[in-house]
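Listed next as structure tokens is one chain, alone, in the form predicted on its own.
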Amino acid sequence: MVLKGLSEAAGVAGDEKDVRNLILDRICDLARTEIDALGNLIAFKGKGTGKPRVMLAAHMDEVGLILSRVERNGLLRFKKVGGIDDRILPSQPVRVGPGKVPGVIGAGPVHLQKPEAQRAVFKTEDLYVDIGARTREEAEQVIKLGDYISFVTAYQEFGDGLARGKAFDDRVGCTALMEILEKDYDFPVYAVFTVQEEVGLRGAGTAAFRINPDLALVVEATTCADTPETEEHGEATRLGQGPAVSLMDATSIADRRIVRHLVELADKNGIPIQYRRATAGGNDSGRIHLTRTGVPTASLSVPCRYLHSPVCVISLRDLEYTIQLLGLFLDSIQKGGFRL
């Protein structure tokens, strides 16, 4: 499955090339492609003179770490790239730099901690990456300052149609766009695999300016908080209940015409769908909708447990329904069933 390769690839924000190459190898015969100056992969299908000009966006990057200092004893200090909870970092296996040097995130042993320290959460500055080097010189033979550090998680399917792995935010969206590119359209469709979403939605803004779309749809992974400690009204989304549409978040308010049409298509075709019951966070919509004189934009999201952690969980049925609904949306444009 394409999701497995995308999930296991390293692509911390600012270093998306491995993910981009995987996608490019798969779609190069399906669409006309280009890579812009920032690193976005833009794939075009359809007739360039038609209307409307549609932009689909999914980001390639993931949260991770960046090497900031090498200690004399060969241990590596780091900074976070994107939003990561410090509590999930200790003992995580990682890969460092282009050489994919294996390592593990370490902290001081519990046996030597004072009682008050045992109750506290380790901060990033208390942690380090151990690559097995004994000295700074030995470490610098295989790594260098500024190297990216990514988590290591094997993709695995389990339970009743579930999958676990890293970087489902947003390799699920990339998977969906790759599937959509298998089809042909008589209007211009731009599938954009964006960079640096996790550090400020940066790639989407430049890509949208380049494309100047009439409307845009962001395909994303979103928070699923259907765990026991969460009250029902705060769950945001539920796993296995279908793709989620957002009415608003911290960076944008969705175009209600697009949202309404997505819901109508889902109801008509028997696709389960849910509303995202949270307004925190944001995605590439936040930049796209502000481009030039403005772009009507909405988001279609796959619910994901444990977002921004080394091990995420999704329902593969939710992903499949997302791909189906995205295809129906484009089909309705092609048949004249949706106009702004």
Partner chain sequence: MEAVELLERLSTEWGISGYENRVAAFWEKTITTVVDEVRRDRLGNAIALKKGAGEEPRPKVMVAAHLDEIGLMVTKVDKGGFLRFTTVGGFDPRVLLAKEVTVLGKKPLPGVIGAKPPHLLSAGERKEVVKVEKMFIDIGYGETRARELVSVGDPVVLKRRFERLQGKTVAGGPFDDRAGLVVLYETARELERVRHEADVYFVGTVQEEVGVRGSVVSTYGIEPDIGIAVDVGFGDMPGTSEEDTIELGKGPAVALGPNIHPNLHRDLVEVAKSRHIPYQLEIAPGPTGTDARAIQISRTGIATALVSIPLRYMHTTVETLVTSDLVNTAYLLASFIGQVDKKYLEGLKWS
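Positions refer to the first chain, counted from 1. If you're wondering where the values come from, they're calculated on a predicted model, not measured in any experiment.
Heads up, the form predicted together with its partner chain isn't pictured, but that's what we're talking about next.
> 175-183, 204-212, 89-97, 153-161: which one contacts its partner chain in the predicted complex at 4.5 Å, heavy atom to heavy atom?
Stretch with heavy atoms near the partner: 204-212.
> Would residue 81 show up as a contact with its partner chain in the predicted complex if we use heavy atoms at 4.5 Å?
Flag for residue 81 set to yes.
> Please tell me whether any heavy atom belonging to residue 271 falls inside 4.5 Å of a heavy atom of its partner chain, as the geometry stands in the predicted complex.
Judged by the heavy-atom cut-off of 4.5 Å, residue 271 is well away from its partner chain in the predicted complex.
> So in the predicted complex, does any heavy atom of residue 223 sit within 4.5 Å of its partner chain?
No, residue 223 sits far enough from its partner chain in the predicted complex that none of its heavy atoms falls within 4.5 Å.
> Please determine whether residue 310 contacts its partner chain in the predicted complex, using a 4.5 Å cut-off between heavy atoms.
No.
> Could you tell me which one of 67, 63, 54, 43 places a heavy atom within 4.5 Å of its partner chain in the predicted complex?
Residue within 4.5 Å of the partner: 67.
> Just one of 142, 199, 104, 259 has a heavy atom within 4.5 Å of its partner chain in the predicted complex. Which one?
Only one option qualifies, and that one is 199.
> Is its partner chain close enough to 300, 319 and 339 in the predicted complex that each of the three has a heavy atom within 4.5 Å of it?
Not a single listed residue reaches its partner chain in the predicted complex, so no.
> Is any part of 124-153 within 4.5 angstroms of its partner chain in the predicted complex by a non-hydrogen atom, and which residues would that be?
The stretch 124-153, when checked against its partner chain in the predicted complex, contributes 145, 146, 148 at the 4.5 Å heavy-atom cut-off.
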